[in-house]
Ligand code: AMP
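Quick heads-up: it's one chain on its own, the form predicted on its own, in structure tokens.
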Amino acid sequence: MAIATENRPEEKVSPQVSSNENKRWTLNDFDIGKPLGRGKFGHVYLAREKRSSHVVALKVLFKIQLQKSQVEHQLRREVEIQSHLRHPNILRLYGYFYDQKRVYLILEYAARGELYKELQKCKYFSERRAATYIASLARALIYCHGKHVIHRDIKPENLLVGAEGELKIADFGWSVHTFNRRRTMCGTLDYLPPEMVESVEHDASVDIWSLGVLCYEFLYGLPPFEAKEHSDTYRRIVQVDLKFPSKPIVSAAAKDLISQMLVKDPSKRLPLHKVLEHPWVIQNADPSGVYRG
């Protein structure tokens, strides 16, 4: 799979990484360090660009696996979208290159790693921590929606934590650049909104639903519509079968915010700018956007 046959803006790397704007990148331009993680289609490594000594994360994807799963188009779209986004809570994609067997994505390095692992370790987050993260993500999604980008797969596994403790949306594999409503079913089952489960048209408000699910999972340690069978999860989502357990203890204000985001009618979900104005967010979120523990 060739993403490009000539130099395009996405192929260039940020000046922060190198000042040589017209260079074609190869693996020899990087010192490769420890593995940071594995994915379905390859691996992520810590790397340093030799000319600038800038530390990055190098995502190595195997073409044969991309072709087998028929996701070349999805990867092109992911690169196209993420390379143009500039927001403190969105992981930068500086550039890419490829050889005969692999595609390499040059990504911002998020020093504190995966939020999913942190949530597993803590079991659930404090209200201050959850509110700080939700506010950061609301701001990032407002930015995305302003660029006509719907993320469609907000979940803990797609979030990383930077060196200062700031949250970063890291994976844009299911995102779409659109001016219209979509019908494609995508994303992760526990986070799917009713309109996707029922295969009706959806718009940017799918991200509000996912943010509500995420807020619930931050506070309770599990997603709200989880069930043993997929069919039961589908049913609970469609019926918005929302229950708040007695433990851990969560404030009424937090439950109110979640209830206003997890609404079946997409047009009645609390808009993202109103999420930022919600009393629970104002009372609990760190104004800096960074959770400091």
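Residue numbers here begin at 1 and follow the sequence given. Keep in mind it's a predicted model, so treat the numbers as computed, not measured.
The form predicted together with the ligand exists for this protein as well; it is not shown, and the discussion that follows is about that form.
Proximity of Ile258 to the ligand in the predicted bound form: non-hydrogen atoms within 4.5 Å are absent; the residue sits far from the partner. Residue contact with the ligand in the predicted bound form: Gly37 places a heavy atom within 4.5 Å of it.
Mapping the unseen interface onto this chain, Leu107 counts among the residues with a heavy atom inside 4.5 Å of the ligand in the predicted bound form.
Interface residue remark: Val103 is not counted as part of the site for the ligand in the predicted bound form, having no heavy atom within 4.5 Å. Interface residue among Val206, Ile154, Val79, Leu91, judged by heavy atoms within 4.5 Å of the ligand in the predicted bound form: Leu91. None of Ala227, Val263, Leu66, Val44 but one reaches within 4.5 angstroms of the ligand in the predicted bound form through a heavy atom, and that residue is Val44.
Although the ligand is omitted here, in the predicted bound form none of Arg128, Glu217 and Ala285 has a heavy atom within 4.5 Å of it. Screening 219 to 227, 198 to 206, 68 to 76, 108 to 116 for residues having heavy atoms within 4.5 Å of the ligand in the predicted bound form returns a single hit, 108 to 116. Residue Leu160 is the only one in 132 to 161 with at least one heavy atom within 4.5 Å of the ligand in the predicted bound form.
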